[in-house]
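Let's start with one chain on its own, the form predicted alone, as C-alpha cells.
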Amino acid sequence: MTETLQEEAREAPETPPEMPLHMRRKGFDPVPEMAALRDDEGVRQVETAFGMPAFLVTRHADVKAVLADSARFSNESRRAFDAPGAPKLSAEERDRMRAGNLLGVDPPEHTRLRRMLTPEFTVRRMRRLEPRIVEIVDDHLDQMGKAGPPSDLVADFALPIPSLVICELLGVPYADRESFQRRTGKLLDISLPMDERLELGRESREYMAGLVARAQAAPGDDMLGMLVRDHGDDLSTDELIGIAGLLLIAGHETTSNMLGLGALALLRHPEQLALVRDDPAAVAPAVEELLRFLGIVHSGIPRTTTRDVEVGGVAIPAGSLVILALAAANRDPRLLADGDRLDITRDAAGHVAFGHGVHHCLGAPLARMEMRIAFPALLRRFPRLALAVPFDEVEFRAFHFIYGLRSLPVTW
C-alpha cells in the first residue's frame, strides 16, 4: 500500500485533486451515480484523482474476475504517469519503496513474500491472540467508563484497540502511536499535496528502518523478530522495512475505521444492534454484513493490464490502468438482493471487502476476530450507547484511501 501511494505521489500534480466517482459517498452509501453505472454500463473510462485515464469496473463478477487474474491485471506493472510538477523519484528509491510491499508485486515475488507471513495469520494462530485482544478491549472500555460520557468512540475505542494489537504483534512501541498514526492518516489522505505525502512516506520508512535494525540486532518474540530469525537470509533489509510498514498501516487503519463506521451503522439500526449485543450467534454474520455494507476500502490497488483484455464487454488496451469499485460491487443486485440495506441476518458470503485472489487480505482473520470481540463488548458494556450529536453532524472522512469517520461523539 505505502509504495503504491508514494508512486502515485511521484506521478501526481500538487493541485488538490477532484474526488473520483468511486470514492464519492453519501453517508454509508456510494452516490447514486455509482449504482447507475454498475447497473447500466458496468465499465467506464474515467479519470483518477490525479487526472490519469483509467477504466472503472463496478460489477461484482467483473471485479472478482480482475482480482483473480494477476497475470493480465498486474499490481506491479505500472505505466509512468509523469504529471507536470510531480515530485521525482530515482529508480533506486522507487525500488527501495517497492521492496517488501506485497500489494505492489505479482507472483512469483508476491508468492515468495506471502509464504513467509501466512503462518502468522492463520485462524489457529489468531485464536492464540484472543485472550489478549479481549483484555485490550476491556481495558479501553474501562477507561471510557471511568472518564464518563461523552466520549469520542473513534479516539477512545476504534483507533487505539487495533493499533495496540498490531503494535504488540509486530513489536512496535505503542508509545510511538501518535506519530505513526499522524503520518499514516496524512499519507492516506489523497487530497494533500503529493510532495507532502512523499516526504511522510520517507519519514515512515526511516522509522521502520530503526525498528528493523533493532530487531536484527536482538530479535524478540514478535513478528518482526520472527522474520529476522527465520527468514533473515531470505529477506533484504529493505524488504523487512516494507513488510513491517505495510502491516503496521493495514493493521490499524482498516480495522479502526470498520469499528467506528460499524458502531455508527448499528446505532442507526437499533434492532440489529440489539442482536449483536444479545445473541452471540449473530455476531459473526453481522461482521460479514458490515464489511460488505460499509465497503471502507474504495478500490484497493489499481491494476495495469499486461495485454489487450475485455471486461464486462468493454475492450481495454494493454497498459491501461484499471480501478475496482469495491463498495459498488458489494451491493451488486447480481450478488444479493436489496444490497443497499443493512441486514445482519443475511448471508453476506462472497463480498470483496477483503479483496479476492492472491492479494486477498492477509490480516482478514485478525480483523474479523477484533470486530467479533469489540462490537458486542462495547454494546454490552454500554447498553444505552447513543449518538451525542445529531446524525447529520457526524463527520465522515471522505477523501481518504480508506473510508471512515473523523470522530464519533457518543453518550450512554
Ligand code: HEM
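In case it trips you up, residue 1 is the first one in the sequence shown, and so on. Keep in mind that what you see is a predicted model, and the values were worked out from it rather than measured.
Another form, the form predicted together with the ligand, is not on view; read the next lines as being about it.
Judged by heavy atoms within 4.5 Å of the ligand in the predicted bound form, the contact stretch among the candidates 100-108, 227-235, 180-188, 127-135 is 100-108. Using a 4.5 angstroms limit between non-hydrogen atoms, Phe354 touches the ligand in the predicted bound form.
Looking at Thr255, you'd find a heavy atom of it within 4.5 angstroms of the ligand in the predicted bound form. When contacts are judged by a 4.5 Å heavy atom cut-off, Ala367 counts as touching the ligand in the predicted bound form. Using a 4.5 Å cutoff between non-hydrogen atoms, Leu291 counts as a contact of the ligand in the predicted bound form. Interface residue among Leu362, Leu387, Ala65, Met52, judged by heavy atoms within 4.5 Å of the ligand in the predicted bound form: Leu362. Proximity to the ligand in the predicted bound form, taken as a non-hydrogen atom within 4.5 angstroms, holds for one residue of Leu198, Leu246, Val212, Leu159, which is Leu246. Not one of Leu153, Val172 and Arg205 comes within 4.5 Å of the ligand in the predicted bound form, counting any heavy atom.
Scanning 171-189 for heavy atoms within 4.5 Å of the ligand in the predicted bound form gives no residues at all.
The pair Gly300 and Ala328 is at least 3 angstroms closer at the CA level in the predicted bound form than in the present model. Cα of Gly300 to Cα of Leu113: at least 3 Å longer in the predicted bound form than in the shown structure.
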